[in-house]
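Presented below, as structure tokens, is a lone chain in the form predicted on its own.
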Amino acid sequence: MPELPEVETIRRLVERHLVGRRIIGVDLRLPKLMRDSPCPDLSVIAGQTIAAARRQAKVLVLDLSNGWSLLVHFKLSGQLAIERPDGSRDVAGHPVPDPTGPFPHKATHLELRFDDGTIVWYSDIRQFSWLRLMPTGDVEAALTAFGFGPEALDEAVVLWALKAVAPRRRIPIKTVLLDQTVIAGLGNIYADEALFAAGIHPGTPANEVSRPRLAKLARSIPWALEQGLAQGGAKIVNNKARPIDGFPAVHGRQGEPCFTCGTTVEKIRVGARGTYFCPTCQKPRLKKHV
């Protein structure tokens, strides 16, 4: 995380609270966040107004009034906190720093101050995320260069993408789901949840998933993302899930009973990623048995 639901939650918060506000102060404390940025000097955004907030896959795009745009990729542990003048706060993304704790945190690397007294803190405890500042006219080409597949929110589009790729790949189906060039926005949490909802073992070779199961997976992927959006991002703290209405059902629940059958949820590694599943609800299947 953050994955599509978390980044979309951040986008909505920015749209609600920051669009139309003028930036009056910029304090970048970790310049390496601007690595590979066409313009490495973030101070040029001071005095500008946020004109729009948009998103493609897991990349947030903030369009500014001076014809420049700031791209943000939160990677594994980016977090955005918005504190309004009355002290109320909205936080989305990674659960560290503690959303209710003091800011700025030691992992806070950027502070933006706005004309109405609002403060934005950008934190990243692992420092893998990045910021890129470029002319707005260059954004589409920059996003295209990532080679993102279609968004994972539409069942028909997801099914089309999976049918085009899965039958030709022997790698685990979960690895296919995490490939952003196949479908965009899906990450570790929601891949686990979609596979559980579809009853597919995450290590199943992609080309051994039958068409009916692939269709069920195509329904489960948008469903899992919508569940995350409804929660403002799945509640995972210190790699442990805090389910709301049974979601997440498996991710972050190692050693706990499956909500469906009571079997203990297990954790394995698939493609070097920690992967959670129910060994009863997601039994390994051969193609002829699916």
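A quick note: this is a predicted structure, and the numbers were derived from the prediction, not measured. Residue indices: 1-based, along the sequence shown.
The same protein also exists as the form predicted together with the DNA; that form is not shown, yet it is the one meant from here on.
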Students should find that, of T108, T118, Q127, T136, the residue having a non-hydrogen atom no more than 4.5 angstroms from the DNA in the predicted complex is Q127
If we test each of K216, R84, R169, R113 for a heavy atom within 4.5 Å of the DNA in the predicted complex, the one that passes is R169
Legend entry - Close approach of R12 to the DNA in the predicted complex, 4.5 Å, heavy atom: no
Worksheet item: Heavy atom to heavy atom, is G187 within 4.5 Å of the DNA in the predicted complex?
Response: yes
>> Contact with the DNA in the predicted complex for K267, defined as at least one heavy atom pair within 4.5 Å: yes or no?
In response: yes
* Though only this chain appears here, would R253 touch the DNA in the predicted complex if you measure heavy atom gaps against 4.5 Å? -> no
Of 194 to 202, 208 to 216, 73 to 81, 153 to 161, the segment with heavy atoms within 4.5 Å of the DNA in the predicted complex is residues 73 to 81
Across 27 to 46, the residues having a non-hydrogen atom within 4.5 Å of the DNA in the predicted complex turn out to be K32, R35
